[in-house]
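Shown next as structure tokens: one chain only, the form predicted alone.
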């Protein structure tokens, strides 16, 4: 299993200074986080696009290009690009350039977006929310398949036998579909043979199993090898479970309560937070042993190939964030890889129950009454 981190470059009040962190300081910290993730052996780092004052990343490829110059092996992905309000030609060119800078480590994760600020900003009508994504994804896939493209659609001027440059090192450059719980989105990813990044940031993860099966069934019916699956979740890691929870809860609450005021859910309580970090909840907040146990538990549910953790849900003490990255890379990831390697040996080399990490398609609990949680919907990684 690949293990990594994603971040939106959250910009909130720094708990250590009581002041709103500056955009320049948040970017500096984010690049330091990516550099450390590479040094401790993590596999992937993703940054997500937003167009709000509480997030500093509106141009993921630019941030990732800066990170590429400071890293050696970690894969660098958007998480996500809001493709519906962007130009697929520019997205492809930016990430092809990132692929060249990084020596073939770039990936594109696209989604429809659960934040909608980009639509009016770039002149798109929210009534076209679904149609925009469908059309622009079609163009993005054609761009990576062929150097010269002829294409026409509703929302963009046609392209008539034009070359699109530069071309990336990876052929094809990986494109993932981010999904937050919509069955139609999971089926689309499977039908296209594209890997799916499933955001589980609330509720009971076991209830997402039917969505994963829809994804895999759609791939099989379309004649594709079973594509890769990533589980993307919120969390925080510290040396002790109490420190992880006490550090993370104020930041989680500030972010979720602010979003709840916009979207109509109530304040996050400590009871809800504690359930969410239990084995059968959605969040990975705890000491390394608790996080290892939970990753392995969810692997039994989903047989996924990748796990990405959003460590900075809100602004947290930077030294503690760096320590969390260190623990994820040096304690959690090696233990998970060892356990899953042993599991494969015990199954006689049969892998993980049918979902092969090599099958890339087109890209090469307690079910009893859980406290309702503010982080249930919608996930910030896409829909």
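Bear in mind the structure is a predicted one, so any value in this text is a computation, not a measurement. Numbering follows the first chain given and starts at 1.
What follows is about the form predicted together with another copy of the chain, which we do not show.
When another copy of the chain is considered in the model of the complex, residue 23 lines it closely, a heavy atom lying within 4.5 Å. At a distance threshold of 4.5 angstroms between non-hydrogen atoms, residue 129 is out of contact with another copy of the chain in the model of the complex.
Under a 4.5 angstroms non-hydrogen atom cutoff, another copy of the chain in the model of the complex lacks residue 341 among its neighbouring residues. Contact between residue 122 and another copy of the chain in the model of the complex is found at the 4.5 Å heavy atom cutoff. Exactly one listed residue, out of 86, 290, 135, 254, brings a non-hydrogen atom to within 4.5 Å of another copy of the chain in the model of the complex: 86. The single contact residue among 40, 335, 322, 62, judged by any heavy atom lying within 4.5 Å of another copy of the chain in the model of the complex, is 62. Residue heavy atoms within 4.5 Å of another copy of the chain in the model of the complex occur in exactly one stretch of 235-243, 192-200, 114-122, 270-278, and that stretch is 114-122. Shown here without another copy of the chain, the chain has 51, 52, 53, 56, 58, 59, 61, 62, 63, 65, 66 in 51-68 lying with a heavy atom within 4.5 Å of that partner in the model of the complex.
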